[in-house]
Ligand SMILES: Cc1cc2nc3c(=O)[nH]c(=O)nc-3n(C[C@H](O)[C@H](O)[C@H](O)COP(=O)(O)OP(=O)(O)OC[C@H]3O[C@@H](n4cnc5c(N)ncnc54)[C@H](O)[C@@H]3O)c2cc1C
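Just the one chain here, the form predicted alone, laid out as structure tokens.
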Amino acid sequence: MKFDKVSFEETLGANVVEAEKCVGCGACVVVCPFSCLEYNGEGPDLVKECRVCGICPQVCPKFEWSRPKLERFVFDKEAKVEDEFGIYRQISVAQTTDDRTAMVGQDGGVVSTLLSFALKYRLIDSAVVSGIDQQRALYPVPRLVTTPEEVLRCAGTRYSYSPNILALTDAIKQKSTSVAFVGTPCQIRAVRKMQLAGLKHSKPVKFLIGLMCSECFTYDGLVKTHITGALGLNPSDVRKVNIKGKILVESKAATKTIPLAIAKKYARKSCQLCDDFSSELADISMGGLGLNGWTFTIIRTEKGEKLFSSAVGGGYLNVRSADEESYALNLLTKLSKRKRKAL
């Protein structure tokens, strides 16, 4: 595919980075064929003269964004007004049947179960997820995993941003041919734009699993300032962080809470510019939505439906109707509407 010969400076530099709209997904860094961009921990740095190939603007989720265009690409149709949380085929509430996964999973352990199932039966050869940095407790980093054991080591949700798209470079280096990608709504958008543009880094991606996301918090704010400073916890002792109307920080000794009103001051600025709560362009979208031990699951595409149904049929997941969870369904609708009104 031929692209308009425009530079990073006149497109993403001026209209996204300098405009403080960059979400830090790293897509532009990954696709630059001349290594002109490097990831600085929050977004791209132009480290040498741009070769004006015009590729990076094609993948940025904040540059010349068109929801209808991507919906037609993914679903062959556009969402209607009544599609309050995007296009979907079915919704359900699910949980893993595996005790080990249930112990380390975030809510119902469904994401980890689907990845482990797909790896076991060779539906995929690897998966892009987030893990924890070995040197900094609770600090998220992108990972390419290839075994169910590695999936379990990376289980759980991070509430600081992990630029998972960077791990697609590892997938290319390892010659992966079938990858499941797990990411936030902005990352799902970026990968879809990469697929639409026909770029090589997206070619191995077979499944997109989207996470529901209201916002991410800065590591310095949430972990250093509040969990370490205000709560007096050692991040290395924290077993799990979750949100159920407030942030729950579970350590070896006790569970402490952070009111969302306080946590919001640590939110990343770019999250205020996002209008997608439920990863509307994913094959499958998942989130806790106040549920305990279960995951609210939105099946959006045929390939997502086949993967989910196969895992259920194999006994890997317990499923019940989403109609039984009116609170979660109402919360999904409420948060989706709130996000769309944010812009």
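The first residue of the sequence shown is number 1, and the count goes up from there. Being a predicted model, the structure only gives us computed values, none of them experimental.
The same protein has a further form, the form predicted together with this ligand, not shown here; the description that follows concerns it.
Novice: Look at the stretches 228 to 236, 177 to 185, 85 to 93, 248 to 256 and give the one with heavy atoms within 4.5 Å of this ligand in the predicted complex.
Specialist: The contacting stretch is 177 to 185.
Novice: Taking 4.5 angstroms as the cut-off for heavy atoms, does residue 204 touch this ligand in the predicted complex?
Specialist: Although this ligand is absent here, residue 204 would stay clear of it in the predicted complex, with no heavy atoms inside 4.5 Å.
Novice: Might residue 154 be said to contact this ligand in the predicted complex, defining contact as any heavy atom within 4.5 Å?
Specialist: Because a heavy atom of residue 154 falls inside 4.5 Å of this ligand in the predicted complex, the answer is yes.
Novice: Counting only non-hydrogen atoms and a 4.5 angstroms cut-off, does residue 162 reach this ligand in the predicted complex?
Specialist: Although this ligand is absent here, residue 162 would touch it in the predicted complex, with heavy atoms inside 4.5 Å.
Novice: Give a yes or no for residue 192: in the predicted complex, does one of its heavy atoms lie within 4.5 Å of a heavy atom belonging to this ligand?
Specialist: Judged by the heavy-atom cut-off of 4.5 Å, residue 192 is well away from this ligand in the predicted complex.
Novice: Consider the chain as shown here, without its partner, and state which of 125, 98, 170, 215 has a heavy atom within 4.5 Å of this ligand in the predicted complex.
Specialist: Looking at the other structure, the residue within range turns out to be 215.
Novice: Does any residue in 121 to 139 get within 4.5 Å of this ligand in the predicted complex, counting heavy atoms only, and if so which ones?
Specialist: Those in contact are 129, 130.
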